[in-house]
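The data below hold one chain only, encoded as structure tokens and taken in the form predicted on its own.
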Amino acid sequence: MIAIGEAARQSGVGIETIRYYEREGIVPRPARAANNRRLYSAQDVGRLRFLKRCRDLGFSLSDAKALLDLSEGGAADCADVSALAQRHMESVRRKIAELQRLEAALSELTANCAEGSVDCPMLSRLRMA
């Protein structure tokens, strides 16, 4: 059993984030020592690592919790996991498309910039919008 600081180090999840996950019921509250300090098991650290990997992949906290629940449910239904991942991938693709539109708009605006000009065409176009 280890303290919260070591659990944070081993999992890569910040101490305040661990406390938040506990408050919100994302992870179970850990055991407590006689001095009331939290004590984390290897399984607790594994849960935190799992959540961190999910969050690093951009899953929402609720989706990461759902995946954690599925992984700990014993007979995780691969179809449920796949459906959740497919929805997330569609969301990522929409975000990428939006960022590409944003990049194109910014490229057009900056291409119209004339160095040394007192009137900046980019600022003029932004004022018109």
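Start at 1 with the first residue shown and count on from there. Note that this is a predicted model, so its numbers are computed, not measured.
Keep in mind that the form predicted in complex with the DNA is missing from the display, and what follows is about it.
- Comment: the DNA is not present in this chain, but in the predicted complex one of Ser60, Ser91, Gln43, Ser71 has a heavy atom within 4.5 Å of it, namely Ser60.
- With the partner omitted from this view, the residue of Arg32, Lys95, Arg101, Arg53 that lies near the DNA in the predicted complex is Arg32 [heavy atom within 4.5 Å].
- Though the partner is left out of this view, Gln10 does not reach within 4.5 Å of the DNA in the predicted complex, counting heavy atoms only.
- In the predicted complex, the DNA sits beyond 4.5 Å of every heavy atom of Lys65.
- Glu16 belongs to the set of residues with a heavy atom inside 4.5 Å of the DNA in the predicted complex.
- The DNA in the predicted complex is approached by Arg38, whose closest heavy atom lies within 4.5 angstroms of it.
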